[in-house]
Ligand SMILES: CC(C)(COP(=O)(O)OP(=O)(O)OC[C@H]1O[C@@H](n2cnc3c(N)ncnc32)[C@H](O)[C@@H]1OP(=O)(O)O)[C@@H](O)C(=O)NCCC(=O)NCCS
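Only one chain comes next, encoded as structure tokens, the form predicted alone.
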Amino acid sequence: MKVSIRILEHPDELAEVERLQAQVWTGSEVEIVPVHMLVAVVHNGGLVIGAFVAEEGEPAGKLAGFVFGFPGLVQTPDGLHLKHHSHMMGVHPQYRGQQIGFALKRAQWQMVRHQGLNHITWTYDPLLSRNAHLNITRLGTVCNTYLEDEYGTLRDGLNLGLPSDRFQVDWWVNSARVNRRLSRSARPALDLAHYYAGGAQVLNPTRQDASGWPVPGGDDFATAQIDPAERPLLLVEIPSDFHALKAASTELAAAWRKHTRRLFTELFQMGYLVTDFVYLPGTHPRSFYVLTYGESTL
């Protein structure tokens, strides 16, 4: 299978993006960005990038994924600065797990740098382990912004039933951190043992319920007890397959949302920053965010 990446600008190409959205976010047409809006984006400084797959001998490819975003403004102590906001990325279910999302984001990184911008932001659900691994571990974003119910009620099949809480990540495209993550000689991923050796502790260790689903722990732990100077590294656990957990129990999914909302909001206010993500495979996989106090390690 051959994957090709290209910028999409023509309405016929963007109509393919509209159709693909319906296959990724099923169940609600109102959540789909229409062709006319995509055209407006690309004709006014935005980017829509598509990933096409073709089997051996096929002359043309099939759209398997896309990413799109647009210029925006961010308030800083020095005033307003330009950034690129990456609003949406989707990969057809048939082609997930084949590095297409990484390839799309790498192309976006190259194009935004070419535009002369050094900052990309986007949002994602912090309880989605697969997204966290791509965004934090593979791409090198960082996060200290928690947005509570950012989009209000979403009615598609992936989001229905829970508040639309999001992390907003920062991707500093010219930083050494990001360039190392995207290079062909990217650093090996750190595992839990590395962070334990560095003194990190799990703030909210989970337990399993009778059905084997992880239940959030540490609710009786007050973040006010944390001295960041003594605990510059923290680990926060999340479910490894939140979609499956939510399908099994909306009540448990809501408990995870409430639990992690409180933890991340308080930790970000204290000056912690999400800098890495660790996934442990196995019969009962586990997933952990790594939070670092201050920005000196970046």
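Here the structure is a predicted model, which is why all the values come from computation and not from measurement. The first residue of the shown sequence is 1; numbering continues from there.
The following text describes the form predicted together with the ligand, which does not appear among the structures shown.
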*Is it true that I49, Q110 and R181 each have at least one non-hydrogen atom within 4.5 Å of the ligand in the model of the complex?*
no
*Please run the contact check for Q99 against the ligand in the model of the complex: heavy atoms, 4.5 angstroms, yes or no?*
yes
*May I ask you to check whether M89 falls inside a 4.5 Å heavy atom distance of the ligand in the model of the complex?*
yes
*asked:* Is S240 near the ligand? Define near as a heavy atom within 4.5 Å, in the model of the complex.
replied: yes
*Does the ligand come within 4.5 Å of any heavy atom of H85 in the model of the complex?*
no
*Would you mind picking the one in T121, T223, T145, N131 that has a heavy atom within 4.5 Å of the ligand in the model of the complex?*
N131
*Exactly one stretch in 169-177, 196-204, 73-81, 89-97 has heavy atoms within 4.5 Å of the ligand in the model of the complex; which is it?*
89-97
